[in-house]
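Just one chain follows, in the form predicted alone, and it is written as structure tokens.
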Amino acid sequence: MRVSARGDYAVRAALALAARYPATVSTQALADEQRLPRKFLEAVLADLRRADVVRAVRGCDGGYQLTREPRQVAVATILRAVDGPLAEVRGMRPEQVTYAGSAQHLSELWVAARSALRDVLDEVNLAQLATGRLPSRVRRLAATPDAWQPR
């Protein structure tokens, strides 16, 4: 799995908003807390706003806030808002790709890989991630001996 800078920044900003929910947090405060470039963060927040994950609040106490409780926002929702589908093959969804000959079953593998990503990213919400109370299945995956080893 490859997480873009945009996806990483979006999840970090959403976590900062989740930690202060339902308060409004300024873009500068988010950028400072997470050490993110403000201009890039503004573009990420605009994507999250268009996806109805956050709302912008104007005024002297303005900034951003989550549109729903943190427990109702899956990490996958945030990633999709800024990067599109969780898995793509040559710019297409895995179920849209077809292969011939000896590669005819490859699309099944891509669909299975997407399903595995969904099983984690759609299951974990901002409240769980912000508090470190990840679902037991996700904790078990992260605790496997080779999970932290690069390959």
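Since the model is a prediction, treat every value here as computed from it, not as a measurement. Numbering starts at 1 and follows the sequence shown.
The protein also exists as the form predicted in complex with a further copy of the same chain; that form is not presented, and the subsequent description refers to it.
- A single residue from the set 109, 29, 57, 46 has any heavy atom within 4.5 angstroms of a further copy of the same chain in the predicted complex; that residue is 109.
- In the predicted complex, residue 113 approaches a further copy of the same chain with a heavy atom inside 4.5 Å.
- At the 4.5 Å threshold, heavy atoms of residue 53 stay clear of a further copy of the same chain in the predicted complex, well away from it.
- Taking the partner from the other structure, a further copy of the same chain in the predicted complex has no heavy atom within 4.5 Å of any heavy atom of residue 41.
- Proximity of residue 75 to a further copy of the same chain in the predicted complex: non-hydrogen atoms within 4.5 Å are present.
- Along 13-29, these residues reach a heavy atom to within 4.5 Å of a further copy of the same chain in the predicted complex: 15, 16, 19.
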